[in-house]
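Just the one chain here, laid out as structure tokens, in the form predicted alone.
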């Protein structure tokens, strides 16, 4: 993998150039969280590309919460942005989530004859510039799902912050084209720079291990969830659930949707909408029958989807350890505690702190 060095001054020029050539989005601070915002002259000096993940996932760039897909019976002609998008500061948890979305919307594993042209086009027209996670928060747990706080694949370019600037890794042809377009901004990487990057990565990895020490189990989450559908743990934690669906909406891998018809004047339009498996009506069928009428069943189903259904079908966990569901839950439900209690129930070793 090719590597280059980008000094702090050159980085600012690089971002300015990207904002002129593309529709550039990067993390900015709003209240307690980081959100992706379109980069402009007013906020270009307020970007946080190398801290933690944003609170909202990048799936919203590829599958927006609501999208018109057709008029009866005319394909949607909604105008797309003319410029290509560049998303700057993407974290590994979101890159890993795209593996799940690609499998679904590209028809790679599920329904090969059903491909989502909107998603495919958005992926094609978007450049991903990721960055190492340098400041994970207390809810991040990527290391518990055998992931890392820095990307190794799935990016076009990746930025690793060191004292002098950034080490840039090239991960695709798109990334290489960007380097060539602004070649005068980049220089070579030496061994000392690489050592500093590895030291930073090791430090963050150890920090995450410390944050999640009391939640670490000797069995994988896949093993814990399997054959646990009737566990009392689901009922215990579902009592705090207010059934808002926030965990589904904020999750980078949740991709369930429904199609809804709306009347506009004398015409009807069909819309794509995000859905939530925690809502009572999600699995309801004709006649009012519901295979999961109780909240604890839907609560369990959400984790079964992530740690049983997807691993069984594509050998990938549909959870990347981003911790967003923990951050937004009004019931203060922590997925790590749920899975830890499953382990305790199964008499699996847990690293409990006194």
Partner chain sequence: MNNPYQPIKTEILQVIQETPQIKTFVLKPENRFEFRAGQFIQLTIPGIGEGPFTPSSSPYKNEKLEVTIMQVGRITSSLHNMKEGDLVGIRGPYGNRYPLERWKNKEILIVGGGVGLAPLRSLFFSLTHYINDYPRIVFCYGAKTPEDIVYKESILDKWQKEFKNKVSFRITVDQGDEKWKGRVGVVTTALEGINEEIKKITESVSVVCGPPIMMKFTTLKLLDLGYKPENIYLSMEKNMSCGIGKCGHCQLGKYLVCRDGPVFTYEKLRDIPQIWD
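This is a predicted model, so every value here is computed, not measured. Residue numbers count along the first chain shown, from 1.
From this point on, the text means the form predicted together with its partner chain, which you will not see here.
- Here the chain stands by itself, but in the model of the complex one stretch of 236-244, 156-164, 85-93, 112-120, 112-120, has heavy atoms within 4.5 Å of its partner chain.
- The contact residue chosen from 185, 104, 170, 211 relative to its partner chain in the model of the complex is 104, the criterion being a non-hydrogen atom within 4.5 angstroms.
- For the options 125, 71, 152, 177, the one in contact with its partner chain in the model of the complex, meaning a heavy atom within 4.5 Å, is 71.
- Residue 42 falls outside the set of residues with a heavy atom inside 4.5 Å of its partner chain in the model of the complex.
- When its partner chain is considered in the model of the complex, residue 270 lines it closely, a heavy atom lying within 4.5 Å.
- Among heavy atoms of residue 191, none comes within 4.5 Å of its partner chain in the model of the complex.
- Contact between residue 195 and its partner chain in the model of the complex is not found at the 4.5 Å heavy atom cutoff.
- Looking at 229-253, the one residue that comes within 4.5 Å of its partner chain in the model of the complex, counting any heavy atom, is 229.
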